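Have a look below at one chain only, the form predicted alone, in structure tokens format.
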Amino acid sequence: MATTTMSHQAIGSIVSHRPFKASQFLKEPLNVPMKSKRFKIEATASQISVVDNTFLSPSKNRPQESKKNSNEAALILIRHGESLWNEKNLFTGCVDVPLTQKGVGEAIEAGKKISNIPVDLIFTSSLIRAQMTAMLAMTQHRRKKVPIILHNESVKAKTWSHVFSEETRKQSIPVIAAWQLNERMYGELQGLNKKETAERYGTQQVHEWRRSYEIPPPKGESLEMCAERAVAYFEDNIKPELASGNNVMIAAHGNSLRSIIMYLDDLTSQEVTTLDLSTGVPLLYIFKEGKFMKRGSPVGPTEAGVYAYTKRLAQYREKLDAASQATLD
């Protein structure tokens, strides 16, 4: 446990993870201290309220004003596309490797599937494969806003990356990288071939390291430990943005996203071990009045039905269609 904590501190020391309101991006450089707490998941049953047919407004020129009256928002989760170590069947964990050509394609396809869903704010892990996925996905969005990674790790970083055009800020989406959303740290398995590791330690032992909830690999994290940091970050930094009416996309990893889904869907520790997430496939949730409603995976911009989850999403798409038609006219 101590080894894992030290590793996280080393990673966290070079990555921005301070909470803020998305609307601040339009006004001034961010300088808000981070909350810190530890979180223990308790899987309990809860009732999910039915989303009504109110309008989910897209980003406005003044989100700090337009978001106040909104109590509903979209949450998109995307596991990064195939990485170079996925391709080689290696344990990756917190090792920072990029996407393969296939992974790039998966990220682009994911972007097409969410191209009609509003995105005001993006959270990623500190790892390049998740950040590449987020950036590539947003190249497909019909709103054509530019995602900008915020650098808040030092005064100089904030000063040098400051955007001075108010109009440009309005056409940008802030991207926050947080080590708490990193993949589970696989300890001494990182870089090892999965098949060869199973032959060395036994299939059952490797299965326990990979799929159990409480058993960590040697000098690594269990899923429970990963969930503790990922869910605490979600509660402290992401859920408040949703409650403010900001539509959020999270591009992260299999285990950090499984942890968040466990929290969103009230899964038990046994249920979450059987949860599989495909690379590059977005999942959509609707957040309203403190509750999350799972909506599955959008199947593409040509399928009107996927945007009929609420009238707000449907009307957002209608606005995009109208804007596109006006451009053609």
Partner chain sequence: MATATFHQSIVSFASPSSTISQCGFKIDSSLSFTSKKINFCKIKAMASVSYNNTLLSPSKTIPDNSLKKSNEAALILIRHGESLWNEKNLFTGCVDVPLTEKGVEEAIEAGKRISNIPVDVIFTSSLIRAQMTAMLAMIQHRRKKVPIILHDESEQAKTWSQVFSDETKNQSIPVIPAWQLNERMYGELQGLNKQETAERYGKQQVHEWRRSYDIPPPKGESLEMCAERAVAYFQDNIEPKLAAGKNVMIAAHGNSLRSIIMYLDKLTCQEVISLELSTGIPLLYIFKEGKFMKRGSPVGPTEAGVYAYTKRLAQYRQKLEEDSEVICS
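Residue numbers count along the first chain shown, from 1. Since this is a predicted model, take the numbers as computed values, not measurements.
One more form of this protein, predicted together with its partner chain, exists but is not displayed; see below.
Name the stretch, out of 242 to 250, 121 to 129, 206 to 214, 71 to 79, where some heavy atom lies within 4.5 Å of its partner chain in the predicted bound form. Stretch with heavy atoms near the partner: 121 to 129.
Check each of I176, A227, I238, L136 and return the one that places a heavy atom within 4.5 angstroms of its partner chain in the predicted bound form. By the 4.5 Å heavy-atom cutoff, the listed residue in contact is L136.
Triplet I149, K156 and T168 all within 4.5 Å of its partner chain in the predicted bound form via a heavy atom: Checking in the predicted bound form: I149, K156 and T168 are all within 4.5 Å of its partner chain.
With the cut-off set at 4.5 Å between non-hydrogen atoms, does L99 touch its partner chain in the predicted bound form? Answer yes; at least one heavy atom of L99 falls within 4.5 Å of its partner chain in the predicted bound form.
Contact flag, E106 vs its partner chain in the predicted bound form, heavy atom cut 4.5 Å: No, E106 sits far enough from its partner chain in the predicted bound form that none of its heavy atoms falls within 4.5 Å.
Taking heavy atoms only, is I117 within 4.5 angstroms of its partner chain in the predicted bound form? Heavy-atom contact with its partner chain at 4.5 Å: absent for I117.
With the partner left out of view, is C94 within 4.5 angstroms of its partner chain in the predicted bound form by any non-hydrogen atom? Looking in the predicted bound form, residue contacts with its partner chain include C94, since a heavy atom lies within 4.5 Å.
Quick one: name the residues from 140 to 164 with any non-hydrogen atom within 4.5 angstroms of its partner chain in the predicted bound form. Read in sequence order, the residues that approach its partner chain (within 4.5 Å, in the predicted bound form) are Q140, K144, V146, P147, I148, I149, H151, K156, W160, S161, H162, V163, F164.
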